[in-house]
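Coming up is one lone chain in structure tokens, specifically the form predicted on its own.
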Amino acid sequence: MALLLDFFTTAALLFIVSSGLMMIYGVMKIVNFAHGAIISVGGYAAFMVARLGIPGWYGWALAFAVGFAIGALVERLIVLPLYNRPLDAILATWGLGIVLIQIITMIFGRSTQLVESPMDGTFAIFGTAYSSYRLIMIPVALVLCAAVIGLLNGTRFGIKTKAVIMNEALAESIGINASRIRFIAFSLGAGLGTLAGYLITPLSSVDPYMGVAWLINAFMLVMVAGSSFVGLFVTCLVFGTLQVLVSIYVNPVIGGMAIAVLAAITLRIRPQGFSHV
């Protein structure tokens, strides 16, 4: 049972970390390489919330708001002029990530910080005691997935977003403001990134580079999933399960590289990935 729970909780954490990157890539087809630094911002948001004595659960909205504001600023000042130059946009976001990490380092230093979990102890499932906080990540990931899919499929914003993705020129010709859609999508993606950093912080330490370790896996998962959040959920479940198995039965170091290797193999065999799931 513990192994099965490891599968699901790992998949949930991978989805939470990757969803912000997917939001931006799905609309703009631009990979935001500042995503790792944005996750780190979320981690330090959790650290500050804990330091100020604010109950941990109330910091979720704060972390999202901080990320949304950062995303809005970055989209207007850096990404907006580069929509037609995707390679330059990737390089710009990579440079932005380095700048954000340096700003975090100047403010907080390089030392590692720890944040206590808002949910202590374990919960017994069929006689197996398991971390309560890791377990809560499963419904969090499911709710997040349902919310994003609902936003993209059941709202006017979602309809306009799909129109921009399918044919931006045609969408603008019928009155859809593609620039505004991109602005909102990028801001939402950054908000989801800082929220992810906030959520994973009680399970790891906080340092300026904490998000960078998650960036490669998130990038590979998004590449395999394409522009489908359902595909991303399936990808996280499959690759998360394989990562756990490799880490346990082969080697933890190799397990850390498992997602990148499996993603490369998957894209070689199935170039469209799980985008049509």
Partner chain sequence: MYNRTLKKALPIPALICLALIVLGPYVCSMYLVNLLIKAFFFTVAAIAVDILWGYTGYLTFGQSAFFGIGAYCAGLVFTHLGFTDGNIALALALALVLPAALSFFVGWLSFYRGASEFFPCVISLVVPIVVMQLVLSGGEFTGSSSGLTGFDTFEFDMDGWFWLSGGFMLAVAMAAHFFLQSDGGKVLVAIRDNEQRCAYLGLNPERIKILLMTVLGAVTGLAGFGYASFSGVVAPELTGFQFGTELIMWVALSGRATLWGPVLGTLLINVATGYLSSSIPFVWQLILGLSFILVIILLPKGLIPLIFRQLGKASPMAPELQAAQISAPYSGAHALDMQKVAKSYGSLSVLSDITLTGDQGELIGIIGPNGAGKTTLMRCMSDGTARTSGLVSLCGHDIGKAAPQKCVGFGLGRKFQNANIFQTLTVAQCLRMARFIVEKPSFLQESSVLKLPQYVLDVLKVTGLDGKLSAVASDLSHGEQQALELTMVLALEPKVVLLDEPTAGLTLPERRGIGKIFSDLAHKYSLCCLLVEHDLDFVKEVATRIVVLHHGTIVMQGTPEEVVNSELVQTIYAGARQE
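Residue numbers count along the first chain shown, from 1. Remember, predicted model here, so these are calculated numbers, not experimental data.
Not pictured, yet referred to below: the form predicted in complex with the partner chain.
Student: Does the partner chain come within 4.5 Å of any heavy atom of V238 in the model of the complex?
Tutor: Outside the cut-off, so no.
Student: Looking in the model of the complex, any heavy atom of F157 within 4.5 Å of the partner chain?
Tutor: Judged by the heavy-atom cut-off of 4.5 Å, F157 is well away from the partner chain in the model of the complex.
Student: Would F33 show up as a contact with the partner chain in the model of the complex if we use heavy atoms at 4.5 Å?
Tutor: Answer yes; at least one heavy atom of F33 falls within 4.5 Å of the partner chain in the model of the complex.
Student: Just to confirm, M223 within 4.5 Å of the partner chain in the model of the complex by heavy atoms?
Tutor: M223: contacts the partner chain in the model of the complex.
Student: Would you mind picking the one in A178, I78, L152, A72 that has a heavy atom within 4.5 Å of the partner chain in the model of the complex?
Tutor: By the 4.5 Å criterion, the partner-contacting residue is I78.
Student: Whether A92, I98 and L267 jointly form a contact site for the partner chain in the model of the complex is the question; each needs a heavy atom within 4.5 Å.
Tutor: Every residue of the spot touches the partner chain in the model of the complex.
Student: Taking 4.5 angstroms as the heavy atom distance cut-off, pick the stretch from 189-197, 83-91, 162-170, 139-147 that is near the partner chain in the model of the complex.
Tutor: Answer to the contact question: 83-91.
Student: Could you list the residues in 243-268 that come within 4.5 Å of the partner chain in the model of the complex, counting only heavy atoms and keeping sequence order?
Tutor: Residues within 4.5 Å: V253, M257, A260, V261, A264, L267, R268.
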